[in-house]
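The chain that follows stands alone, in the form predicted alone, written as structure tokens.
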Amino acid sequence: MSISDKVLKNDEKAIFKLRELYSKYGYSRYKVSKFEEYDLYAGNKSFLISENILTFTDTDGKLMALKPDVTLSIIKNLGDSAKGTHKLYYNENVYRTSAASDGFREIMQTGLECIGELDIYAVCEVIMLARKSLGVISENNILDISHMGFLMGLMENVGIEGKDADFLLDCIGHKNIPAIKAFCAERGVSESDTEDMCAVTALYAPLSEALASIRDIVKGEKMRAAYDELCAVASLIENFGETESIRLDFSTVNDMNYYNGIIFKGFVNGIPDGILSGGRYDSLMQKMGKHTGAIGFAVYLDLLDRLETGKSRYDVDTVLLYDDESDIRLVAELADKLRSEGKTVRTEYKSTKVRYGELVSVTKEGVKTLEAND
């Protein structure tokens, strides 16, 4: 049975298309409980989009939470596999405050996780699926890529750590170059290192082009490892043919306590916020006692409420008006005929208040079009 796009909301259309996409790549659907013990989220609040959590007390006195995130639940319930990988996708309701409205909302979230032994191909496949996920939503999209290891290495090379590193990471995330210069001057960072840091912050270009432009500023083991990984990713992505809308942007940052490698954020035309976010989170796995790698992303479907996709000016294509003297069988036959042609049809007794493309009257004299709108 096919379902007309006319009866599906933007997020519902995306769910079906994304499920089809992930299934084609061998990802299995994963189901999690609606709630978890509150401690799971309390210890990882900075990993969550919103720190606000809906809680309740279970019958045994345990403090429980309606899940605000899916990734934490998957990690908690998935066994620590020494070999192989778990390739999973999910469509789950999460409960949190939304950027689109005040208060808590039940939000459908879609995403995928690749957990286990990760090589460069597995990492690139996830990045490619993130790019294709944006394409499902809109042809006009951009995927910005960064690397937490590169940024951490950049700061370590000039002796910046702890709270200073957090502050500087925030400045990089906001592309606040004046603040970076002032901070470096106060900390005695050399002019050359300061210029390198500002150049990395300002960088925004196609992946291969951007990597070529910063080749000479790579210093130290951590930066070199991150740079080499980004180069390998760029090479594979070119083979996938997915370079068109992928950019290197080191202002794409995330919490260093959870993310240690490549991270990315996706945007589509018409929505000012990032609609997709993800990356490699081995550090989170270790924090939760899992000794393996992990990379994944989530698509924030609640933001699709803001996306206009040629929404019709009308509630239905055709309204059929009838009265006490109308031939009811004729009304039913005409309605069925129009629906079989792909039109939406509403039957109304004598009058209507809905918006319509065409208004048709069915009386004892016959069928007459009263109004037709373009």
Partner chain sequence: MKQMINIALPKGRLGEKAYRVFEEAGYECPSIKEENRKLIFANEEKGIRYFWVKPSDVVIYVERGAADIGIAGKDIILEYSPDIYELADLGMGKCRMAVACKKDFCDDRDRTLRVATKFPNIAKRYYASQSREIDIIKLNGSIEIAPILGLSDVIVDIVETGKTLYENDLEPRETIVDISARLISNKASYKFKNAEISQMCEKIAELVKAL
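Residue numbers count along the first chain shown, from 1. Just so you know, these numbers come straight off a predicted model, no measurement behind them.
Beyond what is shown, the protein has a form predicted together with its partner chain; the following relates to that form.
Can we say Lys175, Ala202 and Ile271 each have a non-hydrogen atom within 4.5 Å of its partner chain in the model of the complex?
-> Yes: each residue has a heavy atom within 4.5 Å of the partner.
Taking heavy atoms and a 4.5 Å cut-off, does Arg247 contact its partner chain in the model of the complex?
-> The answer is yes: Arg247 has a heavy atom within 4.5 Å of its partner chain.
Using heavy atoms and a 4.5 Å limit, would one call Asn91 a contact residue for its partner chain in the model of the complex?
-> Asn91: no, not in contact with its partner chain in the model of the complex.
4.5 Å heavy atom contact, Ser235 to its partner chain in the model of the complex = Because no heavy atom of Ser235 falls inside 4.5 Å of its partner chain in the model of the complex, the answer is no.
Is Asn141 close enough to its partner chain in the model of the complex to count, meaning some heavy atom within 4.5 Å?
-> Contact check for Asn141: yes, within 4.5 Å of its partner chain in the model of the complex.
If you check Phe104, Tyr227, Phe267, Tyr258 against its partner chain in the model of the complex, which one has a heavy atom within 4.5 Å?
-> Filtering the options by heavy-atom distance leaves Phe267.
Position in contact with its partner chain when the complex is considered in the model of the complex, options Ser251, Ser208, Thr194, Thr85, heavy atoms within 4.5 Å | Contact with its partner chain in the model of the complex is made by Ser251 alone.
Can you say which of 123-131, 218-226, 166-174, 277-285 gets within 4.5 Å of its partner chain in the model of the complex, counting heavy atoms only?
-> Only one stretch passes the 4.5 Å heavy-atom test: 166-174.
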